[in-house]
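Both blocks below hold the same protein chain, though in two forms, and each is given as structure tokens: structure 1 and structure 2.
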Structure 1
């Protein structure tokens, strides 16, 4: 997920329910200084904790805190890593928590999650009032399970609920879900603290609260902010990253495939990073240089100038000072589809009345379907929209505040720490879509990876997952993956093959893999066949969806056909792994349920319970993503 909540303009602010911001640039230093030092709130103290993996919950928390300050609450956004449940006397806390993976908490929420789950004593939160908003996606099986957990556990541990749990669905309109919850939150907070309910006065336009200034040289910029620069308030800048060196970057598809899939190897020898088979690698990629240059020209920015951006608290949205080029290349998300609040800001910046009216329509609740078709289905980024609406006059200062932080892209590692302890392998399809109007949309990270020569340095970090092989290599495993969903399965069969070569006994292992054809996009085909020949894999089941005209077999169909073998293995203690799109994972589970009903005489609920038991035992694991 990567959604943000800054501000919008007059008339639209009330409709969209988002806080407003003020800005200054260059010569407007005095005005900036005055507007960036508002009076300190005197109302109740409320901490807004965020559990965020891709930045959405963090941005929601920051916007909520800014709105709270306008309402005189002493509010701040706090990384959930800093939550101290044992020391919360008399405080109120708002939790904005995302669900990640198979119903897991985000990395920065794990400690508080485990504390609430197994360490906290009864009544530990009896002096705390709370409210929870969960961020999830209905395409995933464990929709918003973390948000539901925090809400129920806070109550179980004695906390006093301020407002009912809010749930945001990333598959629909998570922004609107959040805004609707805010409409319930504010009066509930007033009532909880015995305050008189009031509406925040409309500021009369877009208020950008970041102070953004540019300087011709680094020396001039540091004269303002000191040798140490301005600390970033973004959680991603506090993540420990390392420089990984590209040692291999090769094509996996045949020329006839009409697409590209890269196999990239990243050297981690000598850097403070390691991984275990089944982990993820998170890559912080650069935006396309052509997009950076074009957007800079559009907003009249000099890429070689130095920029310093600060909020009212003196914190920066990214490490400052830096060049405008670096800010647009590394720190800001230039390629994402615009949200309503961004389009609303563009509407106010439009000089042409017809263009302004059209943008206001797209930014309205009534026009949300039109915006989805235009921006999401149409794959338009901010530069595309500004080209479609040439009268929009946006400056660098506004751009810095309107655009969200670029977030790392997570990839399932396609190597094993046993066979490649000093190298992380990535298997990624390059996203390149030709649009009907002639534009070419390229995925940020896969475009970046595609162009990296050997010797390049990549900023990245490894992330632990629960997607792990059983400790006993004689335990059978069933691996099901489509396309690049093969990535973690490759790490697993390489891992098992190394153990086999060292004398370990193998279980009856099965790989079910699907792609379009056996010749064009059967990833690592020779390697996989050698695993069968050596006995590491007992069964190889393939589904080529475009091999035979008129036939479209997918992995879920093969699972249904081989249900007897798979269920026999599961009954014998096998572990099952699924990797790929959420829709595929749901279809695989449905095929297994149908097999259980037919072969074991189970009814629907019994089959569901059988599979759920496997999940609870750690024997049914998924590494999936939404389309």
Structure 2
């Protein structure tokens, strides 16, 4: 990686007489000159469609298109919302599509998904050639089902496959999966179009190519990027966020629990946001100020300086100009475990031979397990790694290149719009790991939430889900949740309780809840017991996994024990809700399946079909996340 002061930055800075410190990462003077007179690619046209919710597929699509242009393809990244299947004569399309919910497409992929599923005529895509990379996570039951759907459906509709389906697993290293697939894609594209194979230099481990400049004053920075500044292309700025005011932030666990779970109430009165029971709220948190300050110090950056960053297409990863403090606090993921490509870049920046060698080993394919142990099990963020390798000399510009963009954290709203129309409740367990060497790892968002005083403002937005109560309140519901998986169930029982108090008849409602002990982490226990007393809940089933020595009951065990009641309710039309970690949801499903086999004499496949039918009828809903 070479570092040069790009001609444009110096020239302008000199012309306006200010101190500008600028770096162009990974670009030589020669390359910079070439890129100033870009020629339009003359090769085949290829559209890269992205179906993305939190920006990964979009990021991949943009970097793929950029790489394609270097290889002379007329390639561009296109929002899948703009896909017009009926109008694809002779085109090549690459689909990078993420899976959400219970095997559902992202919001921007819904229209094309539906079109391919039910509207497209036989042979509709026979003039199109295609390649698909799915983005998913093996923790989820419907692993990459949307990617698989696009791949098979494009073929069914007559499309010609350019390369085998690629699958990325966000539970492991999705960037590496993508890179591996690209190694197959490029030669396949060349072969498909009958081109000579292209050989393009490796991008050197960085995420996107940026020109980053800092200025002592806002005025100076604005001189470079114009009075209006440069709009941010960050996914977090493309959401309709609002400022929600914290009106309550209290502890839910007992002091003996040794852990913390916060009940946070966010006021949405007077702001343009609403929700329905069962929705999610997405929170954009600030990074820990100490981490921000230490990292800035380590890369020699002044937090109060103004920064302008743009990629080759002029897009900015954060609104420009902004202070270095704001960029590091809000827009970059400073705390995540490092991936191989980032470690490779750190190795390049290491001055000491032994350190470089060690980092190269960690970044190598062979060193994958060592890196996992060091970075993931060891809970090390980029600052921890730079402390362990003091000869790594990284500048702010490289840091901005290396770090992924910050992502919002989603929470299942734990209030009901009937009982709390102007307040969103969040029930969040604080991520805090004490490491053997004395370091304390804190989760980004929950550490932020934990420290929020009443009166502070949180940037957030509500997101609709399909996790909804039946329209008839007398329809029985079975709610199964472990830990903070109780959150949406709380919204639901509060909702039902309000309807009951207004005279609605209640169905036979059951709550199955699991935590460690009845005293330390039984969330909202008094409220739940009152729901039983009032008849809103007919059954309360608890699983305390650490109450009785030698016994470890979890919700899935209780589901197994109470299978007769649950199946009776389901046969009678009940709706079933499961919320919590993906692993728990899988175990609950297995217990239900076993119950059906034992009590109804079903074979495995029949039990599976029974549950699948519930799912397709919207009577088996899951709100799950991976750990």
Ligand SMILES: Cc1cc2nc3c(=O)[nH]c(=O)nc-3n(C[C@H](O)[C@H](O)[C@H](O)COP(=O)(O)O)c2cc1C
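Numbering follows the first chain given and starts at 1. Keep in mind that what you see is a predicted model, and the values were worked out from it rather than measured. We call the rigid core whatever largest set of C-alpha positions still superposes within 1.5 Å between the two forms.
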Inset, instruction - Look at both copies of the chain and name the one that is the form predicted on its own. - result: 1
Inset, instruction - With both forms fitted on the core, give yes or no for whether the Cα of residue 595 moves by 2 angstroms or more between structure 1 and structure 2. - result: no
Legend entry - C-alpha of residue 234 off by 2 Å or more between structure 1 and structure 2 on rigid core: yes
Inset, instruction - State yes or no: after fitting on the rigid core, is the Cα displacement of residue 432 between structure 1 and structure 2 at least 2 Å? - result: no
Inset, instruction - Would you look up how far the C-alpha of residue 127 moves between structure 1 and structure 2 when the rigid core is overlaid, in angstrom? - result: 4.6
